[in-house]
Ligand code: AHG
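Before any questions on how it binds or moves, here is one chain, the form predicted on its own, in structure tokens.
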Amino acid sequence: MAQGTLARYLTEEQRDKGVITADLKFLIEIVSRACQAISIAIGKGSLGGVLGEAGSDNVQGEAQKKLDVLSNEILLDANEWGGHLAAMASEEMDLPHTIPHRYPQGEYLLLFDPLDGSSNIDVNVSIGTIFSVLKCPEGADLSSPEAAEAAFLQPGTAQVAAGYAVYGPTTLLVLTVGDGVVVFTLDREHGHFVLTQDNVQIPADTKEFAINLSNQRFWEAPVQRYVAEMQQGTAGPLGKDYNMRWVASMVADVHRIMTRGGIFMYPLDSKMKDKGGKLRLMYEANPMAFLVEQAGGTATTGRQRILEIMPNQLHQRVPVILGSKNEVDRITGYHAA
């Protein structure tokens, strides 16, 4: 395994491989420093006065936690002055955040879910940050937040980088720049991320699945069939026993799949059908799909590859089924039957 820090890894990807530009290198480093700041705030918990409700709702109509608001502010403040971005978009904000005129503008767009898994904040369960980077189209209208939205409406295949931070017993940064998936662990004493795993590969087969079983009565027939077959174990058509794992934090559930395989499902159901699904395409599904595919897995809505969806709005929702290739292919095939 290669050794070194995040900075060294990014320098090699830029200088030696030509995979990323110098501006993208600096942008990812700034995002990583923002994640360190969020990790510190989370680590203080009640001592820092950051737990509990913020008393406000986000654009989705969901109650915000204090840490949701703080994490969003940390990412905005860290990234707006660096000169690498044309605009930012956050799951917590209705419209994009354009770069103030007093700062130079760059060629990239940054999207993020500042704190994924908010329901777990106050019970000390792993949560995370998810981010995605796109190139800003030439000639994009960035004159106002309303006009800037169009620049972000690109398919997931256009992403030039994506990653997530996991704030758990250790703070991890999982990253792809289109050259495989690598994992960095935060060295808290020295204040930098150290490369601890490269060439992450998701096993094609698995015996673990993650789904919110409380929604079972709302699922479509293909999902009902697949979960029923898994529950039948060795006596059923799949011929093996499965374990269910559900953290209710997408970052934590996906990271388990990155570590040892599995399948994560938040499928289309009758309860969410009018909204298109539960998870946000631009802030959650696309970056996670990019990472999963780079690690040898598969990511679909059940009906199409997530990365090929052409978004029509910034906060678009989609169904998500991702993880070990053979399992995702199986349930995607059930949808097509």
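Predicted model, so just to flag it, every value in this text is computed and none were measured. Residue indices: 1-based, along the sequence shown.
There is another form of the same protein, the form predicted together with this ligand; it is not shown, and what comes next is about it.
**Q** So, in the predicted bound form, is residue 129 in contact with this ligand at a 4.5 angstroms heavy atom limit?
**A** No, no contact at 4.5 Å.
**Q** Given that the partner is absent here, does residue 250 sit within 4.5 Å of this ligand in the predicted bound form, heavy atoms only?
**A** Residue-level check for residue 250: yes, a contact with this ligand.
**Q** Hey, in the predicted bound form, is residue 72 touching this ligand, heavy atoms inside 4.5 Å?
**A** Residue 72: no, not in contact with this ligand in the predicted bound form.
**Q** Mark residue 115 yes when one of its heavy atoms lies within 4.5 Å of a heavy atom of this ligand in the predicted bound form, and no otherwise.
**A** Contact with this ligand, yes.
**Q** Determine which one of 96-104, 78-86, 188-196, 260-268 lies within 4.5 Å of this ligand in the predicted bound form, judging by heavy atom distances; exactly one does.
**A** Contact-bearing stretch, as computed: 260-268.
**Q** Kindly confirm or deny that 14, 23 and 135 each have some heavy atom within 4.5 angstroms of this ligand in the predicted bound form.
**A** No, none of the three is in contact.
**Q** Just one of 37, 279, 295, 307 has a heavy atom within 4.5 Å of this ligand in the predicted bound form. Which one?
**A** It is 279.
**Q** Taking this ligand in the predicted bound form as the reference, which of 224, 212, 231, 157 has a non-hydrogen atom within 4.5 Å?
**A** By the 4.5 Å heavy-atom cutoff, the listed residue in contact is 212.
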